[in-house]
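What follows is a pair of forms of the same protein chain, given separately as structure tokens and numbered structure 1 and structure 2.
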Structure 1
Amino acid sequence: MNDLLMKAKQITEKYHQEHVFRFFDSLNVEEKEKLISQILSIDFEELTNLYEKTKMKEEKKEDRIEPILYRDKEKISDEERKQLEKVGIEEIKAGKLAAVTMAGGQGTRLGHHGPKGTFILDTIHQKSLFEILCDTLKKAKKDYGVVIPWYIMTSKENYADTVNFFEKENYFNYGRENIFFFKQGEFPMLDTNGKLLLNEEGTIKEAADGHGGVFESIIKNGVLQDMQQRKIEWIFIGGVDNCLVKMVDPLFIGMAIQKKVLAAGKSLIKASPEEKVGVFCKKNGKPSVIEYTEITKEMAEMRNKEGELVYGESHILCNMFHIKAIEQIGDNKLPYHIAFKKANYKDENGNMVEPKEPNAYKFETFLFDAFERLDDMLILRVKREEEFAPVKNASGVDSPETARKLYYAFHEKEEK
């Protein structure tokens, strides 16, 4: 440990971050090892460059933004749908599909203590979000006679709680050997002077690196290797908080194969031109998502001859990637986006400070930046009441109340 400690101290001196050792002597052995490991794993050159960017005025690039082609699920004929579903079912039955669920969030905003996936949404049957998602995989097992491997990405903080929950629930009788857990990457936070923040225990404060980090985490944690060994070709990636997510969708797979693309995304038509959502588009000839903050009022309100919004396909974090795309994207880091946030930290006197105003820079990657690495992708417009009922807020829009209503209505319709 002495050699590693010396190396870590040399690095922090080089980058003027010596303060991270301020409480080193009061740390226990495990905490000391953690701090040293953190320092040795940080790319300080990249961190320095990112901090420099916080001081620069962001240059507005003149990107060429154009509408992207999409298919409306409702307008696909029965005959074409059957043909496409047949192609998708063959892939599923051949064991070529895997599901990845991003479940790093805590249920804090919902007033829930624990990983968001453990939140009981179906109060009639006492089913958590995790169990609701697992039900779709169990149905696929029954329909297609194949077990789809389920990979769950947790945060470092909720990893143990998530695994314990699944053990307690006996893996919802899906089989422990078919469910895998891996951790999302983290990135250090900096104060306004470019100094690393310390957390309560006296080690470096880190934050999850955004949903774009899923690709790097899949590679770093051996998930990709496991998929390759299983001869998986298609990977569905979605969030844990959408209780109507269709992780197994033969039509979606069949359409991607027919279009000969390495990625596909589901969209919802925007509720109004003003709705604050990112929308699918073509950016400089490549598939992309443009944030609502970047789109002009004129573009947001633009309509085609049918009267539909030209930029109206909102990205709902329901995406599918061919394994070749995962390999390609994971090898090249996605760009970091900078957010100015409130972050608790340990000050030089060892006191925990809870700021009332933003005080720290958080760096995160976005999954949709990966689309720009591809030449083309499939966009499939779906209906909210069939595929999108997120649980984000304690009340109002996208709350347990609205999600439950959609969930119960959907299953009532399915049972008829």
Structure 2
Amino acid sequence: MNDLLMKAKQITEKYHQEHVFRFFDSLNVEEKEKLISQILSIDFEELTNLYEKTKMKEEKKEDRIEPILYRDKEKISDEERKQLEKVGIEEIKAGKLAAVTMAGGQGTRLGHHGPKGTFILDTIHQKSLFEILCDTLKKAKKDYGVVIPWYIMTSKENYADTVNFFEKENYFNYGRENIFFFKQGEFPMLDTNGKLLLNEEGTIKEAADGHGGVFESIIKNGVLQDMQQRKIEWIFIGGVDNCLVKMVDPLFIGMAIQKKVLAAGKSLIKASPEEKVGVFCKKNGKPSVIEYTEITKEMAEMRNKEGELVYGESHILCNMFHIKAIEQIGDNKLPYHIAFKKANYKDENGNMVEPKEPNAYKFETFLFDAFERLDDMLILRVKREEEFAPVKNASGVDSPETARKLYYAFHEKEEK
């Protein structure tokens, strides 16, 4: 440990972060080892560059933004739909589909105690978000006679709680051998002076590196290898908090195959030009998502001959990738975005501080930045009431109340 400790000290001196050793003497052996290994694994060059960026005004790049082609599920004829679904069903039956659920977020807005997936959304049947998602896989097993492997991405922080929950629930009778957990990467947080924050333990405070971390962690944790061994070709990747997420969708698969693309994304029509959502577009000829903060008013309001918004297809974190696309994307890290957030930390006197205002920079990658690494993708517009009921806030829009209503209404209709 001494050599490693020396090395870690040299690094922190070089990058003016010596304060991270402030509580070193009071740490136990495990915590000391953790701190050293954190220092040795952090990319301080990148961290320094990112901190520099927080002080600079963001350069406006002159990107070429164009609309992207999309298909509206509603407008597909019965005949075409059946034929495309047949193609998708064949793939599913051949065991070529896997599902990934991203459940590594902190769920700060919901404020539920525990991982968001453990939140009981269906209060009639006492079903958590995880169980609701699992129900769709169980239904697919019944419909197509195959067990779709389910990979769940957690953060380091909520890994144990997530696995314990599945244990307690007996893996919802989907079979423990069919559900896999892996941890996403982390990245340190910085204060406004560019100093690393410490957590309660006295080691470096790190946070999950955003849903864009899914590609890298699929590769690093051997998930890709496992999928390759199972001869998986299509991977649905979605969030844990959309209780209407359609992880098994033959039409979606059939359409991606027909279009000969390596990725597909579902969209919803924007409620109004002002709605604060990112929309699908082409950026410099590649598929992309433009955020509402980046789009001009003129573009947001632009309509085509049919009166539809030209940039009106919002990204809802329901995407599917061919395994080749994951290999391609996961090779290189996605860019970090900077957010200024509230973060608890241990101060120089060893007291925990709970700030009332944002005090720290958090660095996150976004899944949709991966689209630009692909030549093309399929965009399928779906209906909100059939596929999108997110649980984000404790009350108001996108809350358990709104999601629950949509969930019950959808299932009532399904049962009829």
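Quick caveat: nothing in here was measured; it's all calculated off a predicted structure. Superpose the two forms; the largest set of C-alphas matching within 1.5 Å is the rigid core. Here, a residue number simply tells you its place in the sequence of structure 1, counted from 1.
It is structure 1 that shows the chain in the form predicted alone. Residue displacement note: Gln38 has its CA displaced by under 2 Å between structures 1 and 2 (rigid core superposed). Glu66 is not among the residues whose C-alpha shifts by 2 Å or more between structures 1 and 2 once the rigid core is aligned; its shift stays under 2 Å. Put the two forms on the same core and the Cα of Glu385 is off by less than 2 Å between structures 1 and 2. Once the core is aligned between structures 1 and 2, the alpha carbon position of Lys356 differs by 3.2 Å; this is the C-alpha shift at that site.
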